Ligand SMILES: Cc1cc2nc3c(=O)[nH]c(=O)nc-3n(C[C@H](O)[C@H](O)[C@H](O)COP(=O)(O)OP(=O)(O)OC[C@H]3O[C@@H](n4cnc5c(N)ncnc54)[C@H](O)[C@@H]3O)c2cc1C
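The data below hold one chain only, encoded as structure tokens and taken in the form predicted alone.
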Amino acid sequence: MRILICGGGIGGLAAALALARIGAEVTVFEKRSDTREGGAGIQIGPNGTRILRQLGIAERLQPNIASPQSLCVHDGPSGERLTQLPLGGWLEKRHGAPYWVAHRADLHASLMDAAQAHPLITIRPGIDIQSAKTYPDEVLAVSNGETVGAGDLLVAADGLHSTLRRTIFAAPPPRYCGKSAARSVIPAAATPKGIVTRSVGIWLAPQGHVVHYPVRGGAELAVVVIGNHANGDIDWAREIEPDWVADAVAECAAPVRNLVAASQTWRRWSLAELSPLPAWVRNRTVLLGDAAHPVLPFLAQGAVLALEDAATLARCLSVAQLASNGSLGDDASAAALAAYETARRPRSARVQAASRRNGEIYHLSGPMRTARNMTLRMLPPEKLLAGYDWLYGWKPGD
């Protein structure tokens, strides 16, 4: 198999490694000349770390991860701790894989290093794939009107603002959901009083919420502030003034305000949703990750869903290849892509819905906020987290 991948982010590189493991020759096109990833922190549940282990990434990433033992949920305005959910050993024992937190750049660098070292993978930076031409026996990737690659399949892993989703699938752009996420990283030593650096912390408030967790092996703390933002423009990693972030947490308790004040460097991402697409597969092109199913960040599953997509796509192609005695003709290829879409659609839709629902719960006000807080105080933490077995217990083949 010759596989072309548009997009050298987490999803695209994971797909390259997963496909190379089944013997495919893979070319990854990344429109940026500098392939290093930006961003801030990233949370990786057991359903994601399980895949990283299979791809051989875990050992590369291990020095830069943290494995928090708990997730502490607070009421933002009062500062009261409502519950402490077990992560760490409890979650790993339950699902056979750990819960990790890391800097996004560290995860991307580990994937990139592994991809560049693999003899079946070629990385081609500075090439923006804008469309494709499909023929009976191959697909051609097109950049600025010129053919830059030929393969059996083209994987569109070009993110939320996917060009190939628009040009090949004629899909509308994502729509702004009225909220933005501001991200920063601060030294752990600069963490103010009242903020626990070894755990994941979340502070819930009517106008938004704050999440923080350790990265870089615990040396730094990633901070995410999500708030309402009337501006309908879809910002992407835009540098913003600290005042915007301070305003978003103005009604929160002192530890949260002090945490936000500890950083003067923030970047904002506008949060967007996409209407369900009629199809993820067209001829020899298939969508993967945010290009197919962007998800709001209220379950920390966006990148992990892309890892799941990568593992599932490779598995479906491998099964089809075995069933056709090692070859992968048009019928077998079409059947593999159809199996991938059938497997991933309900899963991603369920995660999208659960994430959206979490966001609504996080931002409750008035009597509903009081009821939420009472429920979190009374419900046993293990029982609450067990409600996410369907999420964290996923394995390739499910």
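Quick note: we count residues from 1 along the sequence shown, nothing fancier. All values derive from a computational prediction rather than experimental measurement.
Beyond the structure shown, there is the form predicted in complex with this ligand, which is absent from this document and is the topic of what follows.
The partner is not drawn, yet in the predicted bound form one stretch among 276-284, 180-188, 247-255, 82-90 has residues with heavy atoms inside 4.5 Å of this ligand: 180-188. Exactly one listed residue, out of Arg165, His95, Arg216, Arg104, brings a non-hydrogen atom to within 4.5 Å of this ligand in the predicted bound form: Arg104.
None of Ala310, Ala115, Leu259, Val304 but one reaches within 4.5 angstroms of this ligand in the predicted bound form through a heavy atom, and that residue is Val304. For the chain shown alone, Val73 is not a contact residue for this ligand in the predicted bound form, no non-hydrogen atom being within 4.5 angstroms. This ligand in the predicted bound form comes within 4.5 Å of a heavy atom belonging to Val224. At least one heavy atom of Cys6 is located within 4.5 Å of this ligand in the predicted bound form. In the predicted bound form, this ligand lies within 4.5 Å of some heavy atom of Pro297.
Shown without its partner, the chain has Cys6, Gly7, Gly8, Gly9, Ile10, Gly11, Gly12, Phe29, Glu30, Lys31 in segment 1-31 as residues with a non-hydrogen atom within 4.5 angstroms of this ligand in the predicted bound form.
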